[in-house]
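Before any questions on binding or motion, here is one chain by itself as structure tokens, the form predicted on its own.
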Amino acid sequence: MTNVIEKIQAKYPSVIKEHIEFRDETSITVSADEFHDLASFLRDDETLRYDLLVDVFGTDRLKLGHESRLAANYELYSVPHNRFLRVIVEANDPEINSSSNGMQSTEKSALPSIPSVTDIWSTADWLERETYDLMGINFVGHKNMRRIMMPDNWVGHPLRKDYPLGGEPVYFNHDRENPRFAHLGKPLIVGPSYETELPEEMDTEGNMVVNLGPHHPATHGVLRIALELDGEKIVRAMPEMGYLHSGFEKTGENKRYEKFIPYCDRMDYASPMCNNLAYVMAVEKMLEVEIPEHVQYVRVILSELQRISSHMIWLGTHSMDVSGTTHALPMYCFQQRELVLDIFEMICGARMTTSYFSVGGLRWPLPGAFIDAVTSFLDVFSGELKDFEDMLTKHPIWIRRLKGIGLLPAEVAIDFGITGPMLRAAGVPLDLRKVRPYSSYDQFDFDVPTATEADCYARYLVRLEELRQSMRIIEQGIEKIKTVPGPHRTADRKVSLPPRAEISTSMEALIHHFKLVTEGYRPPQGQVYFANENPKGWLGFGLISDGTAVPHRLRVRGPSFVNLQATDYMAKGGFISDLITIIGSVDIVLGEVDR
């Protein structure tokens, strides 16, 4: 990264206020006043070409000793050069807001500010709105700077450090006088129903505006889409989320690192194993923990089984949404998913909320029947997958409903921050398992499926081929764990409990066990960002450590949230029926959208 820093300094000699290398990641800190020009340079310079804005999130550095309290992290990635860069932008903090906390002023003019980069990366639109909503940073120049997760009349910014965990404004007043519920507390404000604002550009006079959702079965959860229609054609399709907002990041910043693992299961609840892997690898990166080969192979096998399970939910529900094709297919797909969940239940006792991966390894060793169970599943699934393809790939209604629908060219997809099968269906072979291998993926032989049509049908074909490649990876993984049988955890005592036999004979081991259980591990001060290739795209975790056993900042970048942002682009000019197809091709889970 030395050349990158030198290139920036040659163009802007005084822009970098701080440059830090930590855990093979490069961070530069800049002021808000100079950020916009730098951002344009980082994207457009051919030797840098940071064309993919992966994430934007705010950080409240209260009590960390920084001159500027609030800052925003911009996690950038260069597709052509395969490298990351973190730009930390210190917000301009006006005097009027210097003593206010997250529960006070919400006037945009009274908030710390950073120039918007939505004109450079379209991805920034929702990510900046989320940062404004939850952290209270105003992005100057943003055309629609309003809340995205919380209700429009919410008071304060929940991710600020002085925003309370309890006692925040709530909107429930039913039974408030009932003595049975006195122990639950009282609402601070009364929240009558109100009409949600529509984007200013919507023509409510000349066109018809209707709602799709938030409880429409084809939105796969509580997603509302405001549709502006000119006759039967879609003029705008504006997604509205936040109905399921769960506050995972706030929760994670008030729990020890290891205590957050079960929450990961509940984000993309169709991919708990993959969610767990991304989080524990982020913590392991922070701690510099070496993971045994056996553990890495098992993690790969289970992640690919989870990919198959997730794609089965997608294929079954997608075919049901489009309808008129094959109504039996959802049952067949869910039958195969059940077989995967049987394997998960065998290894950890849970089917969906697995929490099987832990920092340093696996919760328990694999059961003896694991290899036979996985091998048996692959034998069954290979035949079923061929049947699925025969039922759909050349089906005339399926083709007519998907081909040419929801076009998203490669350059537009990158501009929107799209990752996963949607990007690969536009011809970009970007797969983190290949370009930045983790957990031993570099030891596996597999292909990255791509297509060039960039429509819903291409996304179907890419995911279909991904299922075959997952089987191929699992078969290799089974052979690897046969030759490398263990151990199932690292021997690094920073994160692993001493063996039970040693506790009985060693006072030091007993003390270490006690301290690790009661106090947890304490990563060094610093920050990391780790992303893995989830079934829906890149799942990213950002961790900022202040040296305690609780993360100072825990960020979750859900691929469903970012990918959904391209809905309006893909839907324009189509029909409402096309929008149903498009949503299915994105493959979203609202638990990951709202987090």
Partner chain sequence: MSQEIVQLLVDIVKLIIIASVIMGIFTFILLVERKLIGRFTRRYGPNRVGPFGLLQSIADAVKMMLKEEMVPGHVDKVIYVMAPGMALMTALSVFAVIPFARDTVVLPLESLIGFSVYLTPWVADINVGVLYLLAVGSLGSYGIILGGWSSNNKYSLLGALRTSAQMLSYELPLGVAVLSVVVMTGTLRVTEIVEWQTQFAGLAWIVFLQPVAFLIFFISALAEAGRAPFDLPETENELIGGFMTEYGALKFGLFQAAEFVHAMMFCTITVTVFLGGWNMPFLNEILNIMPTPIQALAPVLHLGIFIGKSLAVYCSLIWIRASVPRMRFDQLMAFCWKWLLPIALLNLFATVMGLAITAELLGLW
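Positions refer to the first chain, counted from 1. What you are looking at is a predicted structure, and each value in this text was computed from that prediction instead of being measured.
Here the subject shifts to the form predicted in complex with the partner chain, a form of this protein not shown in this document.
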Scan Glu502, Asp152, Glu201, Glu384 and let me know which has any heavy atom within 4.5 Å of the partner chain in the predicted complex. Glu384
Would you kindly say which of Pro498, Gly156, Pro365, Gly213 lies with a heavy atom within 4.5 Å of the partner chain in the predicted complex? Gly213
Answer among 135 to 143, 452 to 460, 223 to 231, 80 to 88 for heavy atoms within 4.5 Å of the partner chain in the predicted complex: the stretch 223 to 231
Should the three residues Tyr269, Leu277 and Met352 be counted as contacting the partner chain in the predicted complex, with contact defined as a heavy atom within 4.5 Å for each? no
Is there a heavy atom of Tyr332 no more than 4.5 Å from a heavy atom of the partner chain in the predicted complex? yes
Is Ala328 one of the residues lying within 4.5 Å of the partner chain in the predicted complex, judged by heavy atom distances? yes
With a cut-off of 4.5 Å between heavy atoms, is Val322 one of the residues that contacts the partner chain in the predicted complex? yes
How about Tyr12 - does it come within 4.5 Å of the partner chain in the predicted complex, if we only consider non-hydrogen atoms? no
Heavy atoms within 4.5 Å of the partner chain in the predicted complex is the criterion; list the residues of 568 to 595 that meet it. Phe575, Ile576, Ser577, Asp578, Ile580
